[in-house]
Each structure stands twice: as structure tokens, then as C-alpha cells.
Ligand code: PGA
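Single chain ahead, by itself, as C-alpha cells, in the form predicted on its own.
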Amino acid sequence: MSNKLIIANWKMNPASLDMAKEIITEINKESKHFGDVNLVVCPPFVYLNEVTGVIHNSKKIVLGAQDVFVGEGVSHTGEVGIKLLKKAGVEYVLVGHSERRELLDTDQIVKEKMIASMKGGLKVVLCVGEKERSEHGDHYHEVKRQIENAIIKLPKKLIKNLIIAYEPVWAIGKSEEEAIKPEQLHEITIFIKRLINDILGSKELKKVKILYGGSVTKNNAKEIIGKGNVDGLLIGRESLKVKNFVELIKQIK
């Protein structure tokens, strides 16, 4: 059985550098108890170097970024490119998160970021997911479009750096009761695997981890992974609550 992968997306949190250092220090202390779970922490850009300083010797935690800029040159005010991320110790990058897609990231931009990041030596977490769940299965079309537009004609040498995170928009930031049901997740996981198999082939499918994100807590994480048939989780707000987050990881290890 391959190691489970947990990705912590801190978004625009916490409120201060001291709080960021406190959170990552506590998580790092507990990481020796994570078993076969590997953790990627994605803090805001302004905290990258500080988080790196805490985890640089860790065997269980690596650094991720929440986004990346892949334009040419260095004259792009407000952007952070691949070389800067790598110098800060980043190994993973989120691409296509629903909050980025809502702002300006089209499928084409998502693919450009994905390919450039992979070629630059980063592992890419491609986020996909529908805005609404349809009783008639229309949501499958939205997920299919996002995945197809990203991975069709993807060079085979880059596939080892691809992770797909299914994160339905309707399930983000909700209560445990409103989160996706494990049976629903199992269905969409099978759908995604078949789609990858059709596009990239069965051999390449084995290289791609599939994660789930959306209202995951320490109370439902184990069931979501087990019955949902996924390889890990993409976690937002719960990753900032150290005790809950550590308990969540221990539940699934």
C-alpha cells in the first residue's frame, strides 16, 4: 500500500508570522507519529521561508505553494515564479484551485501553470471539481472537462509529478453533515480513474495519486479515505487547528 498524502492549504492564514511558526513547529513535533502519511504544507507566500526553516530536516513534511506564476521574464509585479518557489524550498504547488478558477484561471492558464511547474521540477496538485452536484450527473461533465483540458497530450515523462485533487466547490467550507458522502466520492473516484486510464493509459494511471478536499475533519477523514477510495486529502481550515489536524492524521495512518 502506498503512503497516504495529506496537503494542508493554509490559504490566507494564520494572521501573523509568530502564529505560523507556532503551528508548523507543533505539527513538526508530532510528525514522528504520522506513520505512512506524508504531509505537504502550503502556507501563504510570505511565510514560506519561515516554514522551511522549521521543517528543513523533516522526513515527513515538505513545503508546497498555493499558486505559481509561469510568465516569461522577471518584470511581473506581485507574482511569484517557479525559480523563487524552489529557492524557498517548495516541492509541490497547487494549480487550478476553485478559488483561483473563480478569479481568472481558465483551463488554458491552469494547463500552462501545470506544464511549466512540472518541467521546472515541481510536483503539481491539479485541483478539479464541480460548482454544483446534479441528480442527473451533469457534474461529471464539468470534472471531465477540467481533467481532459489539463492532461490531454501531457508528456509521459511528466506524469510522475501529477496529483489530482477532487474538490467539489459545493462541499468546501461546510459542516461535516454537509460534506460529501463516502459512497458519492467512491463513484467520482472511479470516474476519474477511468478517465485518466482512457487518456494516459493503465500504466500511467498507477503513477497518479487522487486526493479529496472539502469539509474534511478528524471525525470523517478515515471514512472518506477508506470508503472514498482516495490516496489522500487536501485540507483547508482543519489544518490550522493543530490538535484536530494531528488527530486527523493519526486516524488515517
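We number the residues from 1 along the sequence you see. Since this is a predicted model, take the numbers as computed values, not measurements.
From this point on, the text means the form predicted in complex with ligand PGA, which you will not see here.
When you look in the model of the complex, the only residue of 154, 172, 110, 162 with a non-hydrogen atom within 4.5 Å of ligand PGA is 172. From the list 212-220, 36-44, 58-66, 189-197, the contact stretch for ligand PGA in the model of the complex under a 4.5 Å heavy atom rule is 212-220. Using a 4.5 angstroms limit between non-hydrogen atoms, residue 21 is distant from ligand PGA in the model of the complex. In the model of the complex, ligand PGA sits beyond 4.5 Å of every heavy atom of residue 105. Interface residue remark: residue 99 is counted as part of the site for ligand PGA in the model of the complex, having a heavy atom within 4.5 Å. Heavy atoms of residue 230 never reach within 4.5 Å of ligand PGA in the model of the complex, leaving it off the interface.
In sequence order, 214, 215, 216, 234, 235, 236, 237 are the residues of 209-245 having a heavy atom within 4.5 Å of ligand PGA in the model of the complex; the partner itself is omitted from this view.
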